[in-house]
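Okay, so here's just one chain, in structure tokens, the form predicted alone.
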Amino acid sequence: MSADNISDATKHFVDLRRHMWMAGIEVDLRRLIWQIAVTGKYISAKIHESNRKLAGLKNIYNEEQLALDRSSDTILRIQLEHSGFVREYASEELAETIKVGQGDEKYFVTADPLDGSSLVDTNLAIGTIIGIHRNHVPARGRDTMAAALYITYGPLITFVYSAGKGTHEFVLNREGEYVLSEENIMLKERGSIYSLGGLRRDWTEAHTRYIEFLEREGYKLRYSGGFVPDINQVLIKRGGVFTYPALKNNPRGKLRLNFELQPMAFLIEQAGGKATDGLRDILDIPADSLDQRNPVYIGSRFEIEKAREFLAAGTE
């Protein structure tokens, strides 16, 4: 099924379940994706009743946890426990992978239950990131990933997923249904926006030269501080680049391979883009531990290939 087959007047009546069925996604996988989509409604409701206060605790990475972080993780874990499709669950909020099934289920789920939670008090968009794997994690993403998705909680609640057959966006309507908004999203070869993580004073010389190139080319800075809204902007605007690079004092970067980078790389590749740490494709990087971090350059092909050129030159 392609975008050409669905007119603007018709596509808004194609809901998520029908879309996955028409795309030929296997039954258990589409049921699991639907279960996670429903869970996003519960997390959204919890966000709307939030009082913005910190939980007074820290997660395993010594980061302050919002009450919303913990609530979102609990909601997601409980839903997956009762899904019947998930054997193990790994979350950014937990110290280790936990069993949530009986031991014979097909899928292993990774989650950043509430990405960008530090933005809650300023009322900016935040999100949920999910990776669905066929084998135990941590692992190399290209070997194990069956699907990936994220949910954006902003002025609209949007659901972006891929099960290896393109990347598609759905919008939660007033009736509580996820209806098709954009099918088979494809990035242009080159975009015009860039999102930058890390302080400029901490950038490496090669990365600085790359950003100066983008600035000379007239790229527009668009950075919210949240991975989900920034990647969503690159995707929906059909191109550009998000980067959180290796820093002088932190060569592994900030973002976590299993919970954030692998799912987003899967989605972006399915949309015709690329994702790299500067040398290797994100989905080709071996994952040795749950808390592994890697630099990232992710977006349309031109910007990612340019990043490779500048970083390769910096190692010579």
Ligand code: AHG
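Since this is a predicted model, take the numbers as computed values, not measurements. In case it trips you up, residue 1 is the first one in the sequence shown, and so on.
Just so it is clear, the following notes concern the form predicted in complex with the named molecule, a form of the same protein that is not shown.
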Heavy atom within 4.5 Å of the named molecule in the predicted bound form - residue from Y150, F242, Y210, Y153: F242
Interface residue in the predicted bound form among G166, P138, G116, G191, criterion: non-hydrogen atom within 4.5 angstroms of the named molecule: G116
Contact test, all of D112, G225 and R256, partner the named molecule in the predicted bound form, heavy atom 4.5 Å: yes
Answer range among 155-163, 210-218, 170-178, 226-234 for contact with the named molecule, defined in the predicted bound form as heavy atoms within 4.5 Å: 226-234
The named molecule contact at E260 in the predicted bound form, heavy atom, 4.5 Å: yes
